[in-house]
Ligand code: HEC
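The chain below stands alone and is given as structure tokens, in the form predicted on its own.
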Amino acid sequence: MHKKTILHDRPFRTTVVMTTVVCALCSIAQAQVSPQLIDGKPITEVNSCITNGCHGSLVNQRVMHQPVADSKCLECHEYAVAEEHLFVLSKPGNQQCADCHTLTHLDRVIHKPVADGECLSCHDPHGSDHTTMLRKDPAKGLCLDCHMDDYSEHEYIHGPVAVGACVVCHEPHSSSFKGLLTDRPNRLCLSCHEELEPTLMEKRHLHKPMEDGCISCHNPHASDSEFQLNASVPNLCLECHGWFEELFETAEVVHAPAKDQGGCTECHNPHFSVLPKLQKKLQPDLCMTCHDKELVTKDGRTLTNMKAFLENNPNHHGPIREGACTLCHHPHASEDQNLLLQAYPPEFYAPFGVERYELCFSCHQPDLVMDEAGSGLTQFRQGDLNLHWLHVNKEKGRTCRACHEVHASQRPAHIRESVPFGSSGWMLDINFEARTNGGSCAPACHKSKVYLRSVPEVTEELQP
């Protein structure tokens, strides 16, 4: 007959535990071998707690507490009444564990079971199949006894969380850092994500959340967004860069990557960069990561493969030569066609007005078109007559693109090869030729026209 009384409501609490056993087998063992007593308490084991048929299962563990493995039960227990096999713990609470396992230098953040003296919440005092005699496999539930969320419902789970390796990031007993982290938050992340340690040059432009902490943007456990982001991009970016949200809502034209899923990081490095605005590459190479093929806009227009176009046309517009596409185009959104920063006529023929050419005049002098006299102002003149003034201002109102490619050409001054004519899409060749003292053009079937910067004086022929 066995009668067992456990005087506590939780078997893992480290308050005083008293167990009374009335066991026929034990009684027989005690009758056969009487303990040596001093003041009514034994100084040696009563036979062996492990081999007497009562507690043999305690040694069948992969990881054993050393006193149990050595059959030294009285290292932790002492008999209250030896004859009745009544025993208690030698010391209450964590004091018992602290005799061998020193935790005297606890840091300012202490794990609650440790602070409450509940070592046995996590550890089995005799033995376990798990390292450090943990009660459960840490990868399969120990921490989840208290921390209930296993994050399994999220699409993206941090690797250590997925395999239950909480101690990769958290100290099990105490820490100097909030959340029982093993190190300062950013330094802890970099211990695995070494590639995100910026070089001295990359620190020139550091994304502010990198200074505030990785968890400004990332969830350290799990998320439904890629890279365990706290929200999907661009929504996450707009939490700080909120002025773009209003811009996207009101602008006539929005750059597609700015609103696409993950689009912000197509152009910007989310952590650091050697370039301003966290750009990934210099322009125009950055732009060519997308504009290296034909693209179809949402309104059905086909955009040129700009990379191939620039490679085949070496005479580049100044902003492209300087690597500054954003001198003309807004990288996010605009009120004007083709993401232009300022006004420029969308038509091929358009009446002249300074306000309609704000974009061109942000670099070029308005006098280039407004002044009839061309000397000292332009090379495109007949003597002193400014031919820009004549073509754009006074005649049909040709826009700049009537003669110039806005990006690049094979000819000087990025003069274009042909222009569209009529609604059929027929391309009319310009046939421009540069000359030492001017140039000429012969559009399609029209007679060639020549301009000379220095016009020779015409003198009357002497009569005999």
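Everything quoted here is computed from the prediction, not taken from an experiment. All residue numbers refer to positions in the sequence shown, first residue = 1. Definition used throughout: the rigid core is the maximal C-alpha set that superposes within 1.5 Å between two forms.
Beyond the structure shown, there is the form predicted together with this ligand, which is absent from this document and is the topic of what follows.
Proximity of Y349 to this ligand in the predicted complex: non-hydrogen atoms within 4.5 Å are absent; the residue sits far from the partner. Using a 4.5 angstroms limit between non-hydrogen atoms, P314 is distant from this ligand in the predicted complex. In the predicted complex, this ligand lies farther than 4.5 Å from every heavy atom of E335.
Heavy atoms of C240 reach within 4.5 Å of this ligand in the predicted complex, making it an interface residue. Checked against this ligand in the predicted complex, the candidates E202, E118, D371, E84 yield a single residue with a heavy atom inside 4.5 Å, and that residue is E118.
Relative to this ligand in the predicted complex, residues A251, A308 and P443 are all farther than 4.5 Å at every heavy atom. Interface residues of 405-428, taken as those with a heavy atom within 4.5 Å of this ligand in the predicted complex (partner not displayed): E405, V406, H407, A413, H414, I415, in sequence order. Taking the rigid core as fixed, one finds a CA shift for E246 smaller than 2 Å between the shown form and the other one. Remark: with the core as the superposition reference, the CA shift of L86 between the shown form and the other one reaches 2 Å or more.
With a cut-off of 2 Å and the rigid core superposed, A139 has a Cα displacement that reaches or exceeds the cut-off between the shown form and the other one.
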